[in-house]
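In C-alpha cells, the next block holds one chain alone, the form predicted alone.
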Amino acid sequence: MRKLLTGAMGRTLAAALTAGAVALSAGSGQAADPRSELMDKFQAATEGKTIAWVPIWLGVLESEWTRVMKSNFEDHGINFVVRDPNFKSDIQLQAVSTLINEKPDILIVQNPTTTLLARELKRAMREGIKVIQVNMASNTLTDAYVGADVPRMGRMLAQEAIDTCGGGKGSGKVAILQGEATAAYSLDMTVAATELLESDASMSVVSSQPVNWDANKASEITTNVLQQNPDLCAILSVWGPQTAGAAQAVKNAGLQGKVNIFVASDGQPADCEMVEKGLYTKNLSYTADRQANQIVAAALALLQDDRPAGSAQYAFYTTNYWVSGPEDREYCFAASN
C-alpha cells in the first residue's frame, strides 16, 4: 500500500511540475522585455518632438554646439529648428517670441544679457514649453542650465594670477578683460575673480573693463593699461577670441612672456594655438563639443520627464581643463566646416 501511494504521489507531483514548467514557459514568452519597454518609452517621448535653438549667433562656439545637437536630435527622430539672430538682440528676442507661439516641446537659448529674454522664458514655461539655458543664464531660472560653473572659472583664473604674480613673485598688478558687462557669464566670472584677487594683499586690480567680445576693443584697452602700468604682471580674460587683441597689444609693447595672459575659453582651436605660440600663458577650457553633448542629454531627459514645464531646475555643469601646450590638445575641439 505504501509503495502504491508513493508511486501515485510521485506521478502526481511530476505531472504538476510538468504543467507548471509549461505554464512558466508560455508566460515568459508573452512577458514584456524590459529593455524593449525602455526603448519603447524613449521613442514615444522623443520621436516627432520639436526642439528649437536660438543662440546669440552662429559663431565658432555656437556652430559647434549646433553641429552636435543637430546630429544627435535628428538621429532620434527629433525636429531641430535653429534661428540665428547674428548678434542682434532685437532679432533674437523676436525669434524667441515667435518660436514660443509655435510651441516647440523644448526651447534652448543662449542669453546675451541677464534680462533680455527673461520675461519670454517665463512665458515659454507657462505655455508648457521646457526651457534650457546654455552657458549664459538670465535672471529667470528655467528647467535646465547647461554650461560652465562660471564663478569657479573666475576663481581659477584669479588663483593662477596670484600663484604667478603674488607674494613678491611679480608686481601683483592684474587687468581684467570683461565681455559684455550685463552678460551673466562675464559678470559672474569677473565678480568671482575680483573677490579672490582683492582678498590677497599682494595683488592689485589696476583695470577691469568690458570689451564687448571684441578683439579690437581689447587691444585698445590693453594698450592703454600697459602705458599706465608697464610692470603689469597678468591679464585675465573671460573669453578666448576677444583676448587675441590683448595678446597682440602685449607683443607690440615688447612684453610677450613678461605679461601673463590667462584666458577662459570654450576650447576653440585658435585659442589653443595662441597658447602653443606663447601668446596666451594658459587657457582654461570647458570644451564646447563635450558641453554640447550635455545639452543633448539635458534635452532628452526633459522630454522623458512627464512633469510640466517649470517643475524642475536641473543644472549640468561642465568640467574645466587647463591648456598649457600641445599636450593638452584634447581639450580643444576641431571646428566644423
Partner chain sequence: MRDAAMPGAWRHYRPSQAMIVVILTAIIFVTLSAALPGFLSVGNLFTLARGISILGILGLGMAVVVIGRGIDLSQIAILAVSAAIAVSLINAGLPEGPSLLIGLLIAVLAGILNGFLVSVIEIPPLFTTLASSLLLLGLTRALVVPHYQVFLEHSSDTLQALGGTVAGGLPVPVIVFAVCALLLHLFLSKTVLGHFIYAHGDNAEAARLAGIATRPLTMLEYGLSAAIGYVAGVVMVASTSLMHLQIAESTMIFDVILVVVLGGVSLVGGRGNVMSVIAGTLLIGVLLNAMTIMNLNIQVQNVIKGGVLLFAIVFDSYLHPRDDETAKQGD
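Numbering follows the first chain given and starts at 1. Predicted model only: the values in this text are computed from it and were never measured.
One more form of this protein should be noted, the form predicted together with the partner chain, which is absent from this view; the next part is about it.
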Residue among Q209, S171, T164, N72 with a heavy atom within 4.5 Å of the partner chain in the predicted complex
Q209
Which one, S202, N216, Q159, Q256, lies within 4.5 Å of the partner chain in the predicted complex by heavy atoms?
N216
Choose one stretch from 258-266, 193-201, 242-250, 150-158: the one whose residues place a heavy atom within 4.5 angstroms of the partner chain in the predicted complex.
242-250
Even though the partner isn't displayed, in the predicted complex is G310 close enough to the partner chain, meaning a heavy atom within 4.5 Å?
no
Give a yes/no on whether I51 approaches the partner chain to within 4.5 Å in the predicted complex, heavy atoms considered.
no
I221 near the partner chain in the predicted complex, any heavy atom under 4.5 Å?
yes
Wondering, does S63 line up within 4.5 Å of the partner chain in the predicted complex on heavy atoms?
yes
W57, N86 and Q228 each touching the partner chain in the predicted complex (heavy atom, 4.5 Å)
yes
Using a 4.5 Å cut-off on heavy atoms, what residues in 275-289 are near the partner chain in the predicted complex?
K277
